[in-house]
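Single chain ahead, by itself, as structure tokens, in the form predicted alone.
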Amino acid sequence: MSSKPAHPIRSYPAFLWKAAGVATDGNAAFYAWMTALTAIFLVGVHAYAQQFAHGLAITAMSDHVSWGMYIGNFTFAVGLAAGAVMMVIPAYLYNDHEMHDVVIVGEILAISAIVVSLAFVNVDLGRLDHAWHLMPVVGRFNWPISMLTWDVVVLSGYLFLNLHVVGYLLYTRYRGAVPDPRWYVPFVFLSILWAVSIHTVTAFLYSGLGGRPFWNTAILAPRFIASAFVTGPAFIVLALQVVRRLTSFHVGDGPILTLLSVLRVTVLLNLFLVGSEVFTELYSGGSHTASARYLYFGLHGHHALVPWIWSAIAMNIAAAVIFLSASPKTQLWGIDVACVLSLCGIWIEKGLGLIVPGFVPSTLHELIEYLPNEIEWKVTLGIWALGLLVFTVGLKLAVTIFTGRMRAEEA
């Protein structure tokens, strides 16, 4: 008896019902992982409820430092979403068959990271009811003049692009049908260009602020892209190993080796761009270098960020050495360590090491330092737990469908 694809309309409710079952069913390790993430997320929700009730005054931010932990994590999450495209490029532009089999992991990462970045923007508003100003017609969207509105447009567009590609591929595979390239390949190529745009627009959002000389550099956008192409592949390398060890989904060495080849270049490029910016800031001298001096060496007895930035530099250098020297065949644990170091280093570099120094000293030349308080840490951890929940559910659904354990009855 020959099989035939399920009817695309009739099988959709069954697909959603089965997907909900897959997302809530698993072994003891799965339940432990999801319970831990849910608990952390609820802690973040409780902290945000306090912030919602009392305003941003209960955070460590002030009139002098109005962007802090939230916007720093937003910047990092946007880079993580953009870096996920490093699986799409070899799979579709260079027709890498091994990468083509696991490219869905990168697209799910892009969706999860965009959810995280949008969540950080919303909590930085203080109260969600302030978001109506960003809605066209309802509020004053101020497009195309405002770079912030461009950021909203590109982030939302990138989210919908990846949702369409992932949803179409998973639903088609569930029905037992062959995906029609006309319905997803053009969107894949568009997402490659769009991935570069989301982090470029984010960089322009900072570098276009003339009153913040620390951000007024032409290499900020290239620096953002280079760091994105470190964090995205590093996270995916770790995710692929988890999938290979804990599921029956086949992940070959090819995709990991390809991503490692990318990392060996981009981690050095990121260090080069950071070094170029530090040289320009410190060697040229002048009053506009005060933020850089405060960040790297402290200024007038204020040095709260100095340990953070030098820790980030040490992590990135150590990661580069390991990537260049460790063998993925015999020292895969070393590669894992390097991936974690690079993620932590760039997280500091693009958060406390980039956003906060732009406000210190202030435009009135006042030195008001900032470090995140307990409320901000709880909200931050809660949002990242939400992102990992989305990523875990998406990955589990993809693995279940791609291994044939979730199929339409007619297929």
Partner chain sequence: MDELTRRAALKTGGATLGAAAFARALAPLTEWEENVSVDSFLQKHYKEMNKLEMSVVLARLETEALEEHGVAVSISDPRPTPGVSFAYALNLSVCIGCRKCAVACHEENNHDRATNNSYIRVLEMKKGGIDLEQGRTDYKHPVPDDDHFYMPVQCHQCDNAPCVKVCPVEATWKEADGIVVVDYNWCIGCRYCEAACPYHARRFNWQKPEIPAEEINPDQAYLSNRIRPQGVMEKCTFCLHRTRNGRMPACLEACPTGARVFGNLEDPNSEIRWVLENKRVFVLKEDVGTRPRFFYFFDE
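Here the structure is a predicted model, which means the values were calculated and not measured. Residue numbers count along the first chain shown, from 1.
Just so you know, the form predicted together with its partner chain exists too; it's not on screen, but the next bit is about it.
For the candidate set Arg127, His100, Arg244, Arg264, a heavy atom within 4.5 Å of its partner chain in the predicted bound form is found for exactly one residue, namely Arg127. The partner is absent here, but in the predicted bound form a heavy atom of Leu148, alone among Ala177, Leu269, Leu257, Leu148, sits within 4.5 Å of its partner chain. Considering its partner chain in the predicted bound form, the lone stretch of 192-200, 320-328, 118-126, 72-80 in range is 118-126 [heavy atom distance within 4.5 Å]. Residue contact with its partner chain in the predicted bound form: Leu352 places no heavy atom within 4.5 Å of it. Although the partner is absent from this view, Leu273 stays clear of its partner chain in the predicted bound form, with no non-hydrogen atom inside 4.5 angstroms. For Val306, no non-hydrogen atom is located within 4.5 Å of its partner chain in the predicted bound form, even though that partner is not displayed. Of the heavy atoms in Gly210, some are within 4.5 Å of its partner chain in the predicted bound form.
With contact defined as any non-hydrogen atom lying within 4.5 angstroms of its partner chain in the predicted bound form, the contacting residues in 14-29 are Gly21, Thr24, Asp25, Gly26, given in sequence order.
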